[in-house]
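First, one chain by itself: the form predicted alone, in structure tokens.
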Amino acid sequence: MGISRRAFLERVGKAGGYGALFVTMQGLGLLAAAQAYAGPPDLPPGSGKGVKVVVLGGGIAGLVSAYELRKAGYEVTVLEARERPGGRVWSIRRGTTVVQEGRPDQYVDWDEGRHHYFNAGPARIPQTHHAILGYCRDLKVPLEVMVNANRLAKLDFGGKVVTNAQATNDTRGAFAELLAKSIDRGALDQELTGLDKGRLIGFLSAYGDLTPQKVYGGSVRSGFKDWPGGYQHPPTAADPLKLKDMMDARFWGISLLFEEIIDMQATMLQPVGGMDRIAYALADAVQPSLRYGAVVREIRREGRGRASPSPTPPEPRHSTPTM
């Protein structure tokens, strides 16, 4: 009996959660991968001479727009409601007050320091984001490596703490054993030749760390029951997690597939000192076009093809130290 694509995806989502569904849809071509970056807009120098442009919002998109327009000679004004640039790109540090509704405000009182900050918005840049990486290069924003995946991260396994490495490798081992048994029992004879079956068994033995009997009994990739010592003390692999228990724990969602998503690679980049370093670099590049504390409450049309925003001072929302 056949199964529809929709029903198949529903079952993948139920078994593995969002991460499994996302990767499966990418594999089926239902989600477009990130498109190649064609470069900044090609605006001839001086093409905007005599033209005035108002950009609403000093987030990254607004700042980049102002940056490119100014280079082409446009007279640009950026209206930003907050007292800082960046929009959702917000790095909080000592002295920051987070104003909240319905609960007490939070004041950041940790020590000062280059690495004492928290990215309250975007926090990482994959290597496929060529546009923002290009602006970091042009504006001389220093970047550093960010480790985005950690095999020793802790997971809640039905009240028991296990590592990401154990969950990942025990899953691989369990699946490799099931597939090897299926091959031995002739379940894939129509799909594989005898030579192909031997090759696949060899791969599964290495991939899943199976025994010569094609059984997964645990792996030192997952962790140790007895840690390695001297020459006479080889390590002993931790007892493997049971397949049914892993299915019940729904481990095959975002926790095990996170770094497989194209925008969530294991190694990523971040600006040194906080993600808002990019926003402040762009803000410096478009001064004096940037106006803080300007909330646009309406846009009125004046004459043919012209619109005039009416900014008014906002009520304070967030307080951030001047950088």
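Sequential numbering from 1, following the sequence displayed. Note that the structure is predicted; figures quoted are calculated from it, not measured.
This next part talks about the form predicted together with a small molecule, which is not shown.
Not one of K71, V145 and I278 comes within 4.5 Å of the small molecule in the model of the complex, counting any heavy atom. Contact with the small molecule, judged by heavy atoms within 4.5 Å in the model of the complex, is confined among 88-96, 205-213, 136-144, 185-193 to 88-96. Checking L79, M246, V76, A180 for any heavy atom within 4.5 Å of the small molecule in the model of the complex turns up a single hit: L79.
A heavy atom within 4.5 Å of the small molecule in the model of the complex is found for exactly one of A285, I261, V295, L43: V295.
Taking the partner from the other structure, the small molecule in the model of the complex has no heavy atom within 4.5 Å of any heavy atom of R151. Taking the partner from the other structure, the small molecule in the model of the complex has no heavy atom within 4.5 Å of any heavy atom of V220.
Contact between L155 and the small molecule in the model of the complex is not found at the 4.5 Å heavy atom cutoff.
In the model of the complex, the small molecule lies within 4.5 Å of some heavy atom of H129.
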